[in-house]
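The chain below stands alone and is given in structure tokens; this is the form predicted alone.
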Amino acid sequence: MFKIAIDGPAGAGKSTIAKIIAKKLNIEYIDTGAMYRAVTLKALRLGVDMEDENAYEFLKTTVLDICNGRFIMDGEDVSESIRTVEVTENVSTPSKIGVVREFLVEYQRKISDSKSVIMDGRDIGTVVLPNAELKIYLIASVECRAKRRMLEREQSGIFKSLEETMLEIETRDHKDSTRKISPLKCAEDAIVVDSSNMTIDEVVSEIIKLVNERGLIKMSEKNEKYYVGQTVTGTVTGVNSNAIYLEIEEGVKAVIYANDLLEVPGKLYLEYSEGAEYTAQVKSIGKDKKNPNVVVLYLSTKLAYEKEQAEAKEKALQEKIAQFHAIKEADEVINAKVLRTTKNGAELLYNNTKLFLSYKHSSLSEDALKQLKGEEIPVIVLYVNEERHFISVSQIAAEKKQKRLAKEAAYGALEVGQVVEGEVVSILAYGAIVKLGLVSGLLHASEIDHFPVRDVKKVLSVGKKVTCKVIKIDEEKIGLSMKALTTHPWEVLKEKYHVGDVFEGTVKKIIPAGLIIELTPEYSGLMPKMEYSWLVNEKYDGVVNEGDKILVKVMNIDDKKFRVSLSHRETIENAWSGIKLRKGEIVEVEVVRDVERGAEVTYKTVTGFLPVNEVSSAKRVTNVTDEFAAGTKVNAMVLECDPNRAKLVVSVKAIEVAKERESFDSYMKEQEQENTGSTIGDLLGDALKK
């Protein structure tokens, strides 16, 4: 038998390397940790106090074995059972019990005596297999091991800094090397292999090279005719109650124990007799203790069946592992049933596979999870450990993804122009946040009303239900509008009023510039002061009051400035509209009556004024009617005419003066004609003579 012992600190890669070498050399890999798990499993099943060393009496009747990588306890394949969360949580307790360690160390030695094996741990070369043909002490730098540990943890959703992980590794090394029972120690004859700067394949090649140098291949060459799994036929040489002994050929013996028979009869010696031929498969190969030159084949008739079963289990397991890898890669949310809770988390079940949910990855407390026993909860696969058949999941990640997918669906269901109902959940200085089911949108203050909203709190409150229109979708930003669902008040005004419309409006306010006339609840129009009357001097002061009704006409509607201009005078007739007189023009007016400093006269449809000092140039007149009785029509000259000010001033005297001027001008003209040809000098000379 060839024994390989691999020791070293945590994170050096011992288990990974040992398993690969076992497959390459076709030798048995002894998972010492699995043995402690098996003891823990049996202790749990028996319900003993694992802290009590006397409780491990059951070890005396416990049978352990490893076959083709499968772990057998008391004839039962417990390869999967020892990997449960419950076992993982409790295995540290039996591991520190002295009687357990003694029992398992003895068992590990016993197994290594019957077959070529490779074991890894922290005391294999110094305690378990002190006589191993090859001892390897596998090391790696603290930083390298810390990085490996960080990568492994990140795959299960656990994140720690490099400094924290290095400190943890150093602390673990100190504890392992200073513990009282079987401390971590490099055997004196061990070969140190530093894996810090080596790949897994390089480490494996290095160790296999050492194995070859130590003679494993030479030893196997002696038995190259026989190999594990081979079907052989021999002659029965002896039978007892527990085994059948055979001779295969000279120098080669074989034995098959009752527990290696697929079908065990009541009594072996009644079924099998000496001299008969018997066929079975080679389970392992060893040497006769009395004669080292004799090869002993350990046979089994259930090896093929066990191998077939193991391969089927392994295939099913690999399919499940592949399934969970695919689920993890797809980041798929699955629904797993809660089986039970422990102090560290909950054990779940999905597709007949157990999963582990730690409390830090659960959105529920331990009590809440207990209440959900038998119920399904959504989870996402965080980490898949193929070697340990361990799968960790996260409820928090699943719920986050479900929320995210639901949000994405909610966003996808929205489109610009859609009318939605929501609830105000937050008031901001510039608007409000409106919850629309799973998503929220911003209702900006400028979109609340068509008119400026300076204080949102005066218009909206938390909890208020609002109906809005989606006006913008930019990734996850949603813009909402309330005013988009109502017609702009200006448009309402334009539907009600048009240029040229005449209506009776209410005076809302009187300002220096004119009258503010109410049009709609939102808008008012301006009637400028000059638009009150055609007569400039006619005022509305003291005549029109706030709240009075006044007839106005729409003169202009300005869409850019949102202004409406109104006029009152356009609703009444303008008597001066056809009056176009020039100064000096002669018109016929009718004297109406005397007024202060003159008389009121009429010209067509308007009233004018004849000043008393403009009646005659020949005499002084006190009253106009003394010269012209009321109703008398006289010709008068226009002194001033301003239709905009409703002002017309005429003069009779001006006509007389004009006539006198005309006579004088005529006389002077005649004089000029009579004296034609005479010079001024002549005229002066004549004058002097006279």
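Just count from 1 along the sequence shown to find any residue number. Keep in mind it's a predicted model, so treat the numbers as computed, not measured.
We do not show the form predicted in complex with ligand DC, though everything after this point is about it.
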Practice problem: Classify P643 as contacting or not contacting ligand DC in the predicted bound form by the rule of any non-hydrogen atom within 4.5 angstroms, answering yes or no. | Solution: no
Exercise. Determine whether any heavy atom of E531 comes within 4.5 Å of a heavy atom of ligand DC in the predicted bound form, and answer yes or no.
Key: no
Self-check item: Interface membership of Y36, ligand DC in the predicted bound form, 4.5 Å heavy atom rule
Solution: yes
Quiz item: For R83, is any heavy atom within 4.5 Å of ligand DC in the predicted bound form, or not?
Solution: yes
Quiz item: Though ligand DC is not shown, can you say which of R101, H568, K283, H361 has a heavy atom within 4.5 Å of it in the predicted bound form?
Solution: R101
Self-check item: Contact assignment for ligand DC in the predicted bound form, among D123, E347, E614, D260, heavy atom within 4.5 Å
Solution: D123
Quiz item: Counting only heavy atoms and a 4.5 Å cutoff, which of 570-578, 244-252, 605-613, 90-98 contacts ligand DC in the predicted bound form?
Solution: 90-98
Quiz item: Judged by heavy atom distances of 4.5 Å or less, which residues of 473-491 approach ligand DC in the predicted bound form?
Solution: none
